[in-house]
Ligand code: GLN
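We begin with a single chain expressed as structure tokens, specifically the form predicted on its own.
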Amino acid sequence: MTGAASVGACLDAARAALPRLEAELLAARALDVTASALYAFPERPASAARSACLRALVTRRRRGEPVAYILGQWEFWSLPIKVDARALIPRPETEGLVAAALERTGPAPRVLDLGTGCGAIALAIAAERPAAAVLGVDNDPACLALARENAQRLGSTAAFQHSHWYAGIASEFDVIVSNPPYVAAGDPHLTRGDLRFEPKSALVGGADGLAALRSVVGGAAPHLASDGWLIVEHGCDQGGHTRRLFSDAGFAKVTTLQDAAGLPRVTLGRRS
């Protein structure tokens, strides 16, 4: 991948260094072509500048930087969400949280997204429920700035405000959703893969990983309408612990849902 080359040659070089999907995503960005054009027109020339750009992106990925941060955008619920190191990268399993919320709302629900990060959950719900009043809150001003950027880019009606969990919330909601930090402080996964580059404050939920979940579940009832739902994401080994938190807080119909991989990922309950 030195000097000017064809699109196909650039892609081949990237694929030799990275998994296929990652190579395709980075090549499409660096060469300024669609993913389908990488294969439909492999003979198309790529300038030396674009070839060099692809080499630089491949180097960043090989050093461990997440593809989503390199691209600056990641798809969530079919929405192009701007992402960077200010917030976690939206993951496919979190779409299950959105689906669970949508299944339990009418056309104009009041929805609170706690620890909104880049705003992905709030924005997805607002996109599906245009008449909803969706509020995303976060304790990190940098995350809020990113969420507001995303809302503006997408033309979303979702609103965002600063709050440490429920501290600044006076309203009542039909649904509260949250993907809080739930990784235990000493978990070795924090030193591997993409997690090395993501903000630890959005990942670590105390010594046992449950500190944020305790705050979210324990403080929910006063902010939920009668028969309102609380829906949270958690680690695949935390379903039992989370259900107990819900039961201890007086929730009814407590259920844990599995993600696409068949792992327990989302727990929900109704205010009784």
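Quick caveat: nothing in here was measured; it's all calculated off a predicted structure. Residue indices: 1-based, along the sequence shown.
The same protein has a further form, the form predicted in complex with the named molecule, not shown here; the description that follows concerns it.
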- Thinking of the named molecule in the predicted bound form, which stretch from 96-104, 152-160, 75-83, 180-188 has heavy atoms inside 4.5 Å of it? 180-188
- Message: Checking a candidate spot here: are 10, 14 and 50 all in contact with the named molecule in the predicted bound form (at least one heavy atom each within 4.5 Å)?
- Response: no
- Query: Hey, in the predicted bound form, is residue 195 touching the named molecule, heavy atoms inside 4.5 Å?
  - Reply: yes
- Query: For residue 144, is any heavy atom within 4.5 Å of the named molecule in the predicted bound form, or not?
  - Reply: no
- Item | Heavy atom of residue 30 within 4.5 Å of the named molecule in the predicted bound form | no
- Task: Report whether the minimum heavy atom distance between residue 135 and the named molecule in the predicted bound form is within 4.5 Å.
- Result: no
- Note which of 224, 210, 245, 203 lies within 4.5 Å of the named molecule in the predicted bound form, where distance is taken over heavy atoms; exactly one does. 203
- Query: Since the partner is left out here, which residues of 23-49 would have a heavy atom within 4.5 Å of the named molecule in the predicted bound form?
  - Reply: none
